[in-house]
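A single chain comes next, written as structure tokens; it is the form predicted on its own.
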């Protein structure tokens, strides 16, 4: 899966907006949205929130977890634990990127939030590299990847599958088999 595909999935997550227009409920394939009334918060998918924000039709309310205090706690917890801790959203990185790129004026302390999410991402990537290194060195056959997000798995998935493939080839070449005879003359 490409990073753009993961971002596409993230755009289906719901966020709260405060519209500045009136519109009855709209019926889409993915479900009904609205009604939209000026000044009354309503939940919509990220893709619609970004579209409305770009057209200056709404104000975006950041997700509850997109707060400096909460993100500092998440970052510190991630640094303390040896294992991966649960993230506030399965698409925390993608949502942060999208919302800060298109609605940073609606998000207090946007630069600090960007830095905290990047710090958390870097910590998790370092853990993932160490886990993968340990996994390959110990010649494990399977791994438990609890609390990883799709983007994190996607980032290291190619490397891990190639490493496992090489390990498998090396193991099968080392084991005597019917077609793997040495040069017997």
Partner chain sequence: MFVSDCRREFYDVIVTQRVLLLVASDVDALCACKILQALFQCDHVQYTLVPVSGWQELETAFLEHKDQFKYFVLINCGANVDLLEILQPEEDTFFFVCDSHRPINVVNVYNDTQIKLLVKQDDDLDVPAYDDIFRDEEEEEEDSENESEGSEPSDKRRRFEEDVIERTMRRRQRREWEARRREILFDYEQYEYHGTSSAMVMFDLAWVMSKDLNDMLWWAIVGLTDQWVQDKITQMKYVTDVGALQRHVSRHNHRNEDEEHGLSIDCTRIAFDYDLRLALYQHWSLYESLCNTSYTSARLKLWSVQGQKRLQEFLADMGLPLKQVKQKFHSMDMSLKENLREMIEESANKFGMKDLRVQTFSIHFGFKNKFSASDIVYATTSLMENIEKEGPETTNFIKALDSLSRGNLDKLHQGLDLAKKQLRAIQQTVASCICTNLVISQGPFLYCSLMEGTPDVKLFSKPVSLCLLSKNLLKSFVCSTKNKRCKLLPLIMAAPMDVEQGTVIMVGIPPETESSDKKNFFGRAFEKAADSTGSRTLHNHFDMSIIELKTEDRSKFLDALISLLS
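Note that the structure is predicted; figures quoted are calculated from it, not measured. Residue numbers count along the first chain shown, from 1.
There is another form of this protein, the form predicted together with its partner chain, and it is not shown here; the text below is about that form.
A.B. asks: Have a look at 66-74, 49-57, 142-150, 32-40 and name the one stretch with heavy atoms inside 4.5 Å of its partner chain in the predicted bound form.
C.D. replies: Going by heavy atoms within 4.5 Å, the stretch is 49-57.
A.B. asks: Does the 4.5 Å heavy atom contact test between residue 79 and its partner chain in the predicted bound form come out positive?
C.D. replies: No, no contact at 4.5 Å.
A.B. asks: Since only the chain is shown here, I'm wondering whether residue 115 would be in contact with its partner chain in the predicted bound form (any heavy atom pair within 4.5 Å).
C.D. replies: Flag for residue 115 set to no.
A.B. asks: Can you check whether residue 87 is within 4.5 Å of its partner chain in the predicted bound form, heavy atom basis?
C.D. replies: Flag for residue 87 set to no.
A.B. asks: Could you list the residues in 102-121 that come within 4.5 Å of its partner chain in the predicted bound form, counting only heavy atoms and keeping sequence order?
C.D. replies: Result: 104, 105, 109, 110, 111, 114.
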